[in-house]
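We give structure tokens for two forms of one protein chain below, kept apart as structure 1 and structure 2.
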Structure 1
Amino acid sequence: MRKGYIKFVFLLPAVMWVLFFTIYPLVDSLRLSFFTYRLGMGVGEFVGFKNYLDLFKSPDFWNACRVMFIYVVVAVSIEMGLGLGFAWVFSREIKGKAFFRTVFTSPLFTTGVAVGYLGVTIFHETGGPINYLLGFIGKQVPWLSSGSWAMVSIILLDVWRWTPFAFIILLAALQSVPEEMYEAASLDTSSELQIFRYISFPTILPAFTIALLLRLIEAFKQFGLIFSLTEGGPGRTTEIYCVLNYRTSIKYFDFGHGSAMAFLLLLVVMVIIIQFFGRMRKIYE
């Protein structure tokens, strides 16, 4: 560890940038959540917690919470489960592993809104490939015109987009389990399931937890894919939290309620973030 004041020259530009561009907006956002404020009318009067209370009385707000809750729980569970399954399959010797690994991570950096737009054609009820194939067994699904099926479409697309995230992290973790541990275990049992249950999974649990927490943090931000696939519809059946928050703030320019909504989301996500920080502090030691 070196000493010397040049370290401040190295560090300060980044610190100043982040301080200036995040602390001020955060404080400003908190302040606005206690005022009535619509664009063009300027900051109105101080209303205390009224914006927050309005939200608690609004059915649209509770609907957005419900949609977010369903999406986060269902999509993230499937993604973590499938990711773990694929990682387990890939943790053995496989011909062409590097190639298949690349294939299984290819959706990772796709643009959310573009995936949603493509999804409109994939789930199209008369011209889409899924209903075409279902036609052979005499079935048709109203993918985007029924509220609950629209939710299924969103989750299917999201699972495609995000399973690779869990997969690649868990695969890296599984491959770093020392060979000796398997050799020792294989003396006691030949059941691969038991080895997974008692050796592999406990060893990769820290990586699994990190992947899960990061995925949860990301899932609460969900906006683009849903905004382009269903636009929150039909009706408001898939209007997830950030879509409603965006509409309140930027479409209706209701800055007071928009800020209050954003802060409520922050409170919820904070619970997860604090868990995450506890783990990361040890890693950055």
Structure 2
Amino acid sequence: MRKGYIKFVFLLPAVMWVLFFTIYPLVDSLRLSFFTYRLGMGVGEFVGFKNYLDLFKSPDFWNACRVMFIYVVVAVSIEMGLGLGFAWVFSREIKGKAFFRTVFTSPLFTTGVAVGYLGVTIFHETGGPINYLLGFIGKQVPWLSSGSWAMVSIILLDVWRWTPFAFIILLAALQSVPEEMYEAASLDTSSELQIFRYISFPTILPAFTIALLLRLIEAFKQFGLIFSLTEGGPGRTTEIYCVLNYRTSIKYFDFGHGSAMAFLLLLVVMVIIIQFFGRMRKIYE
């Protein structure tokens, strides 16, 4: 009998952690999204879905959604494409593969804030190394003072940081493809492209889908890199959804609208996850 209780004693800290630091904040945040609540003034009156409706009327909200859509689609597409390409190359026998694989995966262990502040130095328009090198060909790029170039700098840093994530997953998937499949395919064709198209990629498609799903979830909640690099500027041209949520909740202390924004994002991510797994079931039924 005592042995039966011991396992619950060891599980209790983990259960308490989830309850107090995950479930309770989630439920309380949902509650606040239906109230007017500003820090220092306490919880105000119940307003129902007014906070959500106010967001749909806000041009800043739609601008943040547009910026987030551009960032997610462009950055994640490049990362998955590069990750797949590098994984295909490194799955072959090449000289120095172990060394280059280690170097290539090192950006994955950095933090978003650190990469953002590194980008401030790299993309500095007067003293940065990139514009210094471009100066030799008479070219200067307004990396952080132009809205379009600021987005390009964000995407470049994000691609550098997160491509190794796709690379690791897809490399492991490619290395797990049975060699017999390649030997059988080589009897019909010698084209590497056709082997990849009809053998390799269909085989690693589940791993590719999971990597894409995880990367999408992470991209939707991107904050540290963008805030430390541009703080959403110049103007609001790089003010992604989570940066606007930060300004609303932390800077302006409007936790009612901030909580509503957070749950709208949660709803979008949940829909994406459901759609992905629904398609996966149809493919493998």
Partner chain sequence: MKQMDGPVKRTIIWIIIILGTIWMLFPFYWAIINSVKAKIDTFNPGAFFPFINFKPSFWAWNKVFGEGDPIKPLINSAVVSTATTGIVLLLGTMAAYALARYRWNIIKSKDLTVWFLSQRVLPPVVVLIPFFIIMMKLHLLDTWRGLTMVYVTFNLPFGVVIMREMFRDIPVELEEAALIDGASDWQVFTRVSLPLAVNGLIATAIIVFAFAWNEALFALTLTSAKAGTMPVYILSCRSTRGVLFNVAAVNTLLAIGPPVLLALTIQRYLVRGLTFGAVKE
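Model, not experiment: these values are computed from the prediction. When a residue number appears, read it as a position in the sequence of structure 1, where counting begins at 1. Rigid core here is just the name for the largest C-alpha set that superposes within 1.5 Å across the two forms.
Participant: Looking at both copies of this chain, which one is the form predicted on its own?
Facilitator: Number 2 is right.
Participant: Fitting the rigid core first, would the Cα of Phe276 be found 2 Å or more away between structure 1 and structure 2?
Facilitator: Yes, the C-alpha position differs by at least 2 Å between structure 1 and structure 2.
Participant: Just checking, between structure 1 and structure 2 and with the core aligned, does Leu11 shift 2 Å or more at the CA?
Facilitator: Yes, its C-alpha moves 2 Å or more.
Participant: Hey, core superposed, how many Å does Phe21 shift at the CA between structure 1 and structure 2?
Facilitator: Displacement of the alpha carbon, after core fit: 2.7 Å.
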